[in-house]
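In structure tokens, one chain follows: the form predicted alone.
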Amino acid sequence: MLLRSPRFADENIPPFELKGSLFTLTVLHLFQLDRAAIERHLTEKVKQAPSFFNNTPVVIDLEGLVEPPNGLDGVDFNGLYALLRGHGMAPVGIRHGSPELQAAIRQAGLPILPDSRSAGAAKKTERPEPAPARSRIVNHPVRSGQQIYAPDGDLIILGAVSAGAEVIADGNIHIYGVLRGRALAGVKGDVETWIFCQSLEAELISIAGRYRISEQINLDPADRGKPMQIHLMDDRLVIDHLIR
């Protein structure tokens, strides 16, 4: 039962409001429906970085799913949700998939997210249209718990990015300090964006959705504390010394 409002509450004030916002979501691209195989692979991933996946919002993407030859009998999306929750994740919805898969999702009572292909997939084979050159400059360190976003351009941080902070840009990211938090460049799909920082100690780096977490960065000890640059090559993240 809902709590009763105090009699003195202002009835002109609405009980809530809805606002659009930007959240970082992990996408699980599902290729097969073998629950045992999914659980084995998921367990391995979580062991690599348990804190990263704890309470992480996850979108299940079915675009690359190979449907079983015997049809969709036995497909259990609620079971998949339970499996993800059992590993500490927070599934928020499912996207893509055939009409038959989407019917099974609806029957399970789960949310279907809008098809992103209408906005993004048409540009997969070509570079996205260049956005107007517009940079956001932040002239102070970014503290833990802060999120800073630069839409339609580059993000320039004149200081450090603390652990637990997140910096996001549609374009490149320049950090004139230590990167200890998360940095996500090219979040609208531009694979030619870069991340630059004076020292790389990041929790996560990402360009156009391809990412590495701290356990996967594996810098040589001799490179710690040195300026670094991150970019994509052949669809994988490459970390190099900053060329001067």
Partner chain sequence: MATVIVVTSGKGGVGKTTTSASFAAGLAQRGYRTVVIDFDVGLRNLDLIMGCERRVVYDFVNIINGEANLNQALIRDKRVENLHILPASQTRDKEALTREGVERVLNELRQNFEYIVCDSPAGIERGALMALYFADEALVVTNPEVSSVRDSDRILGILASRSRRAEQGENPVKEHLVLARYAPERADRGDMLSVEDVLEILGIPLLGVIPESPAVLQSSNAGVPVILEEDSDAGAAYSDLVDRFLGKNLPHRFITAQKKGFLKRLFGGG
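Residue numbers count along the first chain shown, from 1. Just so it is clear, the model here is predicted, and its values are computed rather than measured.
Separately, the form predicted in complex with its partner chain exists; it is not shown, and the next lines address it.
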Quick one: in the model of the complex, does every one of 135, 151 and 170 get a heavy atom within 4.5 Å of its partner chain?
-> no
Where does its partner chain sit in the model of the complex: which of 140 to 148, 106 to 114, 80 to 88, 93 to 101, heavy atoms within 4.5 Å?
-> 140 to 148
Look up in the model of the complex whether residue 158 has a non-hydrogen atom within 4.5 angstroms of its partner chain, and give yes or no.
-> no
Would residue 75 count as a contact of its partner chain in the model of the complex, using a 4.5 angstroms cut-off between non-hydrogen atoms?
-> no
Are any of the heavy atoms in residue 203 no more than 4.5 Å from a heavy atom of its partner chain in the model of the complex?
-> yes
Does the 4.5 Å heavy atom contact test between residue 180 and its partner chain in the model of the complex come out positive?
-> yes
Scan 159 to 181 and note down the residues that get a heavy atom within 4.5 Å of its partner chain in the model of the complex; none is a fine answer too.
-> 162, 163, 164, 180
